[in-house]
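The chain below stands alone and is given as structure tokens, in the form predicted alone.
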Amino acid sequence: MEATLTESVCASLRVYLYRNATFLCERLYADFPSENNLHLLATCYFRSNQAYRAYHILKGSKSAQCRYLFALACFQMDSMVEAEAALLYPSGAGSEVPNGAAGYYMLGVICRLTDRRQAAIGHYTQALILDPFLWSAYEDLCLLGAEEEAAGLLGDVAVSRLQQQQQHLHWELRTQTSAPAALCIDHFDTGNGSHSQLRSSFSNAGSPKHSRFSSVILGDDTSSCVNSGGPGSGAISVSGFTDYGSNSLAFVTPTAGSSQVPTPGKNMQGIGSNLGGSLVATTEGPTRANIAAGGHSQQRRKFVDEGKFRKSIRSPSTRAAYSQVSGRLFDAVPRRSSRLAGESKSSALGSITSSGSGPGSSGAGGGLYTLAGSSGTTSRSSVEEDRPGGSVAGVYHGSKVFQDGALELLNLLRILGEGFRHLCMYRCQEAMQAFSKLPQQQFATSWVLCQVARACCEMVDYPEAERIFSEARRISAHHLEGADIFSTVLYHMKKDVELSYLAQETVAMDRLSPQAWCVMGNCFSLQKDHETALKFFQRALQLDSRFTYAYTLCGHEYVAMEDFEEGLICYRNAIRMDSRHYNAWYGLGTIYFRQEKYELAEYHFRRALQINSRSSVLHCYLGMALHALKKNEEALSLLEQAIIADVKNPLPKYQKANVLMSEERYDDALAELEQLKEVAPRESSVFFLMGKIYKRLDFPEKAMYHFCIALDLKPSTADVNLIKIAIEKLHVADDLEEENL
């Protein structure tokens, strides 16, 4: 009954019937309380969004798989200390992190969220050494600003490690040519077994605790349903991480003493389900529960003498059951010889036996399943002739194909990683050049297009960013990642109709997405309804308390309403979530600048500039703060850098003219303003500043002319008052008072 219940639970998990799986698994654990069944029950709870139930039943469990799932449950419950303790138990230099790369990745996430940057970088690096295809770890590493560590992990070192692994595999397979007339299951190509073994051995290459070439073995029943989308390390490795875009791992690294079968992400059935399910059909062999017991105690291969094996399948029922199993194994590849097909009816080509119940056993339940020839005429050589993948050369060929595919994937990730790394360091032009190296089918995906659009947004090229974001949405309309940035682009372009349509579309698509409510908030902010916009941004934070950008948008709304104290709180919360979020540092600087706390403004603008050193806006505002502190020489240098960074940005040219005027370099200031007038012909502040300069040069007619033009351009109410005061005092000789717009 245990095997039947277990298979039923796994079947329900595979088709997402979590309520049914939970009910059946509770029956299973009531009758057969074991560590594996406990893990399966906790998985049912976890998949049903009941992390607290998984937490309570797994508390105190010592096995690696239970500790990993317990850590996921703790993470969802925001209990970071317990999650980290579970992953690091038992503490010590020789302790193993469960699930290898996935475990180290989770430790990195915990350290990042608890503001331990160096520890997080170390864990992410270790995860990528074990699994170079773990993109989520690379992404977080770049977001932390660890450029040096990230640059080498997808480079020549990873390629060299992959090539060394291929050579080692070739040598290992050559040593198998002198084996007896039997084909061990861990070298038998079932379509994904050799690939999963190769992945496992490559993933463990960086860990001294793992064998460089470990045998693929049949794990317990849990691993069977794990690899087919059910519970376990591979399928739920990052399912609890709601902060990272639901990126899932393609494979995991097995820990020492674990019987989990690592399988490629696309082949979720794996050896455990392809073979394990068929094994239940045998009448004299052990049940799948017995297999689990044997798989934990002895992880080594056993060869079955073919003479003894023939005795073990004399009963008709066993022979019939075995025929069904062997048919599943071999029918996937068409036979080239009708003679072999005829012989398969009279004598089986191979069998799956257990040393726990048949001859050749070394202990009850302690054996692993092997595929052996059943007669002299149908020996291993016949199987090799029949199935190209069945021979050592065939397995090597399949492994070689996988290695070539791995190199291709590594090259693809290297280009993506280069572009994403440049973007995280705000080298936007280099990021766009890197992404342009991608094949067309990869470049024309929503994720890549959103990254390119984000780079355009950082370069303040809003029209191009809008075009690329629109193309990304055309390709994948349901893709909400980047919708908040897209709404900001539309906000700056003052496209209220497009922004309103985007807001309605995103909210209708997913009302529980924080991005959707940020879009809605930007829509109302553009209409100057700051209180309603603030409510929507706060709604986004209710849905995801770690959504950094929503904190910054809240701060902007508070500043617009001149509630500076609340604005400071919001910006500080954003920095607490992500210390590299330069927008929040900039927001703090603007508040202090408006409060005339110029020293504090300078500090926060410098912090923002350290993160994004190519921002024209940040250079300009830091120059303004230095000018207010009478550091005009350094201010001019920064304003020059701001102009070079973005020649289309009129603000640094205006501020440079303002500094030059304060230095009484009137001719230079007028030259700057004449150039600026060509770029921004309808900017009233430019003409107002020119009028002030002409007044100081004692040209009242020219000053009056420019003041009138400034009034005709319909400035804001505050600016109108300043211009009128300047006109009234036009003939006052000692009116050298500086007035800021």
Partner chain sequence: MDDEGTGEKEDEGEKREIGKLAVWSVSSFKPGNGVDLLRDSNIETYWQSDGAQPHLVNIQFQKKVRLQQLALYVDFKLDESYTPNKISVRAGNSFHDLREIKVVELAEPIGWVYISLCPSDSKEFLRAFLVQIAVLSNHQNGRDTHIRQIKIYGPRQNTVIGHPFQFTTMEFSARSTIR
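Rigid core here is just the name for the largest C-alpha set that superposes within 1.5 Å across the two forms. Positions refer to the first chain, counted from 1. All values reported here derive from a predicted model rather than from experimental measurement.
There is also a form predicted in complex with its partner chain; it is not shown, and the following applies to it.
Q: Which listed residue (Arg161, Arg427, His530, Arg539) meets the criterion of a heavy atom within 4.5 Å of its partner chain in the model of the complex?
A: Exactly one residue meets the criterion: His530.
Q: Using a 4.5 Å heavy atom cut-off, which residue among Thr506, Ser136, Gln451, Ser615 comes into contact with its partner chain in the model of the complex?
A: The option sitting close enough to the partner is Ser615.
Q: Please pick out the stretch from 144-152, 123-131, 640-648, 77-85 that is in contact with its partner chain in the model of the complex, where contact means heavy atoms within 4.5 Å.
A: That would be 640-648.
Q: Should Leu24 be classed as touching its partner chain in the model of the complex when contacts are defined as heavy atoms within 4.5 Å?
A: Leu24: no, not in contact with its partner chain in the model of the complex.
Q: Quick one: does Phe593 come within 4.5 Å of its partner chain in the model of the complex, counting heavy atoms only?
A: Yes - in the model of the complex, heavy atoms of Phe593 and its partner chain come within 4.5 Å of each other.
Q: My question is simply whether Ala635 lines the interface with its partner chain in the model of the complex - judged by any non-hydrogen atom within 4.5 Å.
A: Residue-level check for Ala635: no, no contact with its partner chain.
Q: So in the model of the complex, is its partner chain close enough to Arg19 to count as touching (4.5 Å, heavy atoms)?
A: Although its partner chain is absent here, Arg19 would stay clear of it in the model of the complex, with no heavy atoms inside 4.5 Å.
Q: Please state whether all three residues Met493, Asn583 and Ser685 have a non-hydrogen atom within 4.5 angstroms of its partner chain in the model of the complex.
A: Every listed residue reaches its partner chain in the model of the complex, so yes.
Q: Within 4.5 Å of its partner chain in the model of the complex, which residues of 550-573 have a heavy atom? Give them in sequence order, or say none.
A: Read in sequence order, the residues that approach its partner chain (within 4.5 Å, in the model of the complex) are Leu553, His556, Glu557, Ala560, Met561, Glu562.
Q: Do you see a C-alpha shift of 2 Å or more at Ala726 between this form and the one not shown, with the core held fixed?
A: After core superposition, the C-alpha of Ala726 moves 2 Å or more between this form and the one not shown.
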